[in-house]
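Just one chain is shown here, as structure tokens, and it is the form predicted on its own.
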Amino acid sequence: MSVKPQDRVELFDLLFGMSWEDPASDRRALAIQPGETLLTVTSGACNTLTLLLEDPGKVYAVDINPSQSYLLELKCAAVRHLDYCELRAFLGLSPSDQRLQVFERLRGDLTAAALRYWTGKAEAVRKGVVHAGKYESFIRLFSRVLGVLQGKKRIDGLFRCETLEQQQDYFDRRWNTLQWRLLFKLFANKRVLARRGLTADYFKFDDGSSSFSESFLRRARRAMCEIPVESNYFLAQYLLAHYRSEEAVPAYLLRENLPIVRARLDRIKIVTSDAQSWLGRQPTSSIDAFSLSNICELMSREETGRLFAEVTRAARVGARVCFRNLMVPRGVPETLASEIELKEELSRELIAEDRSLVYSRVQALVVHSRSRSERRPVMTR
């Protein structure tokens, strides 16, 4: 069954100003070795930049949405030319009224297409590009309403919890109010998500939930009760719409990591394409690790099968894959089960520890064999 055009997520404007996948999950699942070749889905660009800390030889950042590619271009330019404090201010992590002036210093690093895009997005640059995506605007609205319903004192109390036991007790006694549950009914429904670019008619539930609100309430409870809140910068964004400290941020933004990331920027190759088509053009046995996010939720089961067929062909033996589900239960087709192994125990650990709140699955996979895929002709497109 193909996905109908009206059921697809809109991919023509900036959906994400930051990445909403936990890079710690990717780092564990992919176990990148120095010099290896990596495919990432660009999205908000944070994870692509953070994975440079693993010392890959080459990182192909692939996204079907050109706006996400332009975002990565701009973030790379900022990392290359700005010092630590300037970078935080320009991206939107700290206050600044100089972002448009700083942008003028970065223009020379941008392609003509990216320069046209960001020149036409002056207001997004002025406010800080990490806040510029449709999803971030949704999060800001969510956090504002949450602030009214729960109150600043209750929100601050959650982040003062020092142990998981305290978090669980606080959630049960103070946080899990009728207003909290109502908030998810208001925001986690198809109509609201569709207005924020997350068209939802093709979503399916496979976690026992009867609705979006019930499913996301379960995920929120796990993040608030089973994962330390102090260092969870995803939870801070959802509840406060900002990072709480200089230490609780994506790793590429840590002061001590900035020189390392800056020195490795040239290893990133930005590609605007759907992943399946791009993989079909790559040599056999050329990629060591794949960070695929949840891109298969934009695909039919048949398209998902073709994507993973290209993964097995392009992968070196022993290549690792990190793959997510948000709502749609997509995965490796049974026809490829002998070639792509699900690391079940590691996958259970990844979702249990994943800080990003929203995903229903985080899977670690290993490609074992190319015996069948080597005989499979690459489709022309």
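All residue numbers refer to positions in the sequence shown, first residue = 1. Predicted, not measured: the structure shown is a model, and the values here were computed from it.
Below, we refer to the form predicted in complex with a small molecule, which is not included among the displayed structures.
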- request: Give a yes or no on whether every one of E21, Q68 and I295 sits within 4.5 angstroms of the small molecule in the model of the complex by heavy atom.
  value: yes
Given 117-125, 270-278, 179-187, 100-108, the stretch touching the small molecule in the model of the complex at heavy atoms within 4.5 Å is 270-278
With the partner omitted here, the residue among I64, V332, I32, L52 that in the model of the complex has a heavy atom within 4.5 Å of the small molecule is I64
As a check of understanding, the residue in V41, V328, I340, L350 with any heavy atom within 4.5 Å of the small molecule in the model of the complex should be identified as V41
> So in the model of the complex, does M299 come within 4.5 Å of the small molecule, heavy atom to heavy atom?
Replying inline: yes
